[in-house]
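Listed next as structure tokens: two forms of one protein chain, kept apart as structure 1 and structure 2.
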Structure 1
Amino acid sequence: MTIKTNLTRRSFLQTSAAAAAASGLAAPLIAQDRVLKIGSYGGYFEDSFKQYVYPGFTEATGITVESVTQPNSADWLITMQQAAMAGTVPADLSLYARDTLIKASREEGLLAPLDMSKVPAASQLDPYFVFEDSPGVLGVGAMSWFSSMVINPDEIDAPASWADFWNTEIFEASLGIARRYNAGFMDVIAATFFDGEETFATNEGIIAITEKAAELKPNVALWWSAESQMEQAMKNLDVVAGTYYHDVAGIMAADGFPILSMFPKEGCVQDYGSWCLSGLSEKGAEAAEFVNYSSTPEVQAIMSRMIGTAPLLPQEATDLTDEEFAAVSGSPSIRPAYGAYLDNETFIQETWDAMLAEG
């Protein structure tokens, strides 16, 4: 039922966007031929793209961008699956987090390889951000973000390590931690107490991680699933520390709320979004041009300044100042155990949920 509603709303958005494009932009014929539909997460995020990234791209290449709203990556993948079955292309380029990208790559025909000869700028990115599978490069990093440790500096002193969260004398019923098994907290535990990503290789390792998480339960006041829950809880003093998005915490702090996003010695969890070309899209050439544009150091820096995402290049490659870089990025970076999350997802999810469900 929900799927249906979403579809209708989305197709409505699409038609209205198309109508707006047709009526509003009486662009020259050539530009009209070269149109690219790009998906991005809605709201502030999408607005920033429309304001700071797409106009520069149109100016540089003459290709008009039609912005498409994605709710997030996982739900958008369902929409794209259904669209592919129906033979439609809601967006030529979609933005997928890495786990969703790998999932999409495993479904035949859902993604088309990008013509990398037209994306020279991607060679400057850390190879980690360029996802290659048998048909070719299926995803090129767009931007990245960190799930960091946040604290209320008015209430507590900054901990040096994630391990401090387990101290009940300081944190009893005071933490807000992401609830979903793949939200990054398992990776934090693996990096803090075990051997990092390797720990996920065996079921025993996964059980050890969940058992460590179970010890934290007396200190967790809120296991949040929606971003807004944690935002409200930090603002309202329901929690005084926890996990949250580094960039959003920075914006909240700039608005005057007592929140400090920080990197303890083990680091924070880094996830990233990739541009992926729809398997049915006929705009492969335009898409490659956009991916190239978005991979350039200049545009990476624009996104960091204006949207708050971490660049996929080292700071030296961009013209970001130390302060600007620290606002969106940091080190060390904990990289999620994507492989295990996918290949062993049922076991990990059930073990984690069962741990949370114990009274």
Structure 2
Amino acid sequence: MTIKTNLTRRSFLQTSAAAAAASGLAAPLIAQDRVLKIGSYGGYFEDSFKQYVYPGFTEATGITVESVTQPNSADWLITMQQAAMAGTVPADLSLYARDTLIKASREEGLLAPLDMSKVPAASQLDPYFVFEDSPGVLGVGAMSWFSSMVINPDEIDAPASWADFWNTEIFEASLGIARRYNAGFMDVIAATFFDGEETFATNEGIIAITEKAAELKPNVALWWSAESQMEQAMKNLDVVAGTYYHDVAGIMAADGFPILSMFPKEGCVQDYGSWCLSGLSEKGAEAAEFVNYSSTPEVQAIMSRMIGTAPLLPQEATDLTDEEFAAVSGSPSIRPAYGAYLDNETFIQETWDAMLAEG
């Protein structure tokens, strides 16, 4: 499926988040001391939550939100580890990427299970986005985002498969591919040529993935590390296709640049963030109410429109139009081998980096 749209996360609609999200929710409770500290990534992302999500939650439940700026989830995990040792709670509820969530779940007491009896809306989510370990449910998906196939449609025809990137007659020295071993391209290769995530279960499978990546090297003009590198290479026509962020490509397209973000037949790499409760928090009830609120179709749609994240629900469960949904999401999805990247990180990284270093 090919996706092209002019709607982006910068296209703020004149929608009342409070009115839309409050529908179908319980009436506000009396809330003298009902305050919840919620951590989210700073800047535009946090500002959008403060403007479009938190006010509706407070109106619907009577719970006041104190917004806490958190860095990327890996650095935030260190902060929360240190806070737990000191007996403090910087945030009751935080956002963790799945790999960081897995790490946090392996430290006893760092996270507290959510009371899922108070989160009925989560039953509508794909079970993949509800992370359960021995203590119970430690993370419920908040939102997701995609790394996709992008092309310059003025220069080439849309490929049907990731496998087409290996065609030197079309793509010799013209691709831009994310450089980091865990940036998703290994998962693309596994899904396209092997048995998907299962391929990462053995060192032999990991070697097979990197050997297939090595075959692509004549077609790669840029192994990019920073988003700006790929953007500039596309604008300069140094590359005409590659891997990039679906929502950012939509922004570029809306600005008039010839770029098309696509979901080929194997799909694109989907990552996501989860709401997780601090093990020392005394706000489990309030946290469960917020997680339930953010899992509703109404709020998932608000986040897609206003923040540019992909919903964790099927489009038909929301009121998102085809154009709105295409701006942030698509199908099918490729799910990263999070467990392998954590458990076999050294071998995977060294094997991948050695492949890149070879002439």
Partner chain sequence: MSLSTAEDLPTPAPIVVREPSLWFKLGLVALLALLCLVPFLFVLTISFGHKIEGAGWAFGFEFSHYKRFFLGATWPETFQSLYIQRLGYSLFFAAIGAVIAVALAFPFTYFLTRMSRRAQTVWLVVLLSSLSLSEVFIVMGWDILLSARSGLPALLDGIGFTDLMKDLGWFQWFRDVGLASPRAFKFKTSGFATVLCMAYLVWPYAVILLYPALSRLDPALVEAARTMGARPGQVVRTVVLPSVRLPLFGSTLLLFVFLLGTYVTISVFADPSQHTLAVSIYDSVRGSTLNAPFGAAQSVILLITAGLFLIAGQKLSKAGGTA
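Along the sequence of structure 1, residues get numbers from 1 upward. Rigid core (definition): largest C-alpha set, two forms, superposition within 1.5 Å. Everything numeric here is computed off the predicted structure, so don't read it as measured data.
Of these two copies of the chain, point out the form predicted on its own.
Number 2 is right.
Whole degrees only: how far is the smaller rigid part turned between the two structures?
Rotation of the smaller rigid body relative to the larger: 14 degrees.
Fitting the two forms on their rigid core, what distance in Å separates the Cα positions of F257 between the two structures?
For F257, the C-alpha ends up 4.4 Å from its position in the other form.
After aligning on the rigid core, report the distance the C-alpha of A163 travels between the two structures, in angstrom.
Once the two forms are fitted on their core, the shift reads 3.6 Å.
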